[in-house]
Every structure is written in structure tokens, then in C-alpha cells.
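Next up: a single chain in C-alpha cells, the form predicted on its own.
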């Protein structure tokens, strides 16, 4: 069984997807971590962008040899580079911005599409991202698209940054959310949008637990 949870920035999709994976005893794929990992390595100059980003065989080989994604319900998702765990370095603003730009590259998306499908071959899966239900797993058993009003998402983003000692005004947060939404929805390859068969959940007034409960009830009802 494959369940996809897509949605825009700060919609809470990753938190809900991780909790759903725990509830359903599924393998959790956080697609954003893969893009963040490559972005981090580019920023750290572990790989030269001009030599690999537009070379599908070279990038495929690099990901196959150097990046490893694993998931454990107790520790969460982990991304390693040559046996070095890099997950703690993947949540910075610089990495987030670079990952969003990388996501517009068709070669990068193709490599990670194949990689995610390989991860799902031997597992029940909960996958979250922006195109999991439309492109990566179009035949998923259940598809959800989680969204919320832009101001609500900006407030959530602002609060998350505060937890990491980064101060942003609400206006700055709204501008950043708008910028990311525009880039994700306007990209040529795999733009952010719900699939035609997705269940769309607006969780503007819902807690994470309420959002999770709603998804669980819908999955249970449809079984």
C-alpha cells in the first residue's frame, strides 16, 4: 500500500506523514530531504553543479553511490553521504532555498523519482512531497493534498523559525511563503498541484492530531 501526502510549504504535511507512517507501520519517504541533501552537498562543494546537474547518468550514479536514505520509526528519516549522516544539516534556510531551486531541474527530479520508487519496492509506504501523488506514485492507494490559508502557513513558518532562533516578521514570512508557492506551482516539470483523485484537506483550523485523525478515518472508511 502506498499513501501520498502532498502540499505546499508549512502545511504540516511532513509531520502528518511521519505520524501516519508510525500509525500504519509503513516506511516513510520524505522526498524533500533528498533534494535538501543534494542542495547541501552542492553548497558544501562536495559535488560541482556544472559537472553533474544536467548529466542524467552521472547524477544517477552519484546518488546511487553516495546518498543513502533510511527510516526507523524511533529515529525518523536519515540521509547519509558516504556513510556520514548529514540529516542535521538539512534544515537551514540556505539549504531550503537551494533545494527549492534544484527541484525545478528536470534531471534532478527524474533521478529522485526513480530513487523513491526503488525505496518503495519492498514496503508499505507513506510518502510526502509536492508531486508524490501526481508524478512519483500516480497509482498510490490513497492520495491526500494538505493545504492551509497562506497567513496560517506563514505563522507556522514564523513559529518554526523562532524555535531555531531566527526572527521573522509575519510580513516577511508571508512573502517567503508566497515566493516558494509561486516557484513550486509555476515550475515546468512536476509543478505543485493536487492530483485529480486526491482528497484535499484544508487544515487551517485543525491541529496536527486532528489532521492525522481525519486521514486515518478516511483510509479506514475506504478499505
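Residue numbers count along the first chain shown, from 1. No experiment lies behind these values; they were computed from the predicted model shown.
Same protein, other form: the form predicted in complex with a small molecule, not shown, and the subject of what follows.
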Any chance residue 153 has a heavy atom within 4.5 Å of the small molecule in the predicted bound form? no
Should residue 109 be counted as a contact of the small molecule in the predicted bound form, where contact means heavy atoms within 4.5 Å? yes
If we define contact as a non-hydrogen atom of the residue within 4.5 angstroms of the partner, is residue 87 a contact of the small molecule in the predicted bound form? no
Do residue 103 and the small molecule come within 4.5 Å of each other in the predicted bound form, heavy atoms counted? yes
Determine which one of 48-56, 163-171, 63-71, 177-185 lies within 4.5 Å of the small molecule in the predicted bound form, judging by heavy atom distances; exactly one does. 177-185
Of 99, 79, 140, 148, which one comes within 4.5 Å of the small molecule in the predicted bound form, counting heavy atoms only? 99
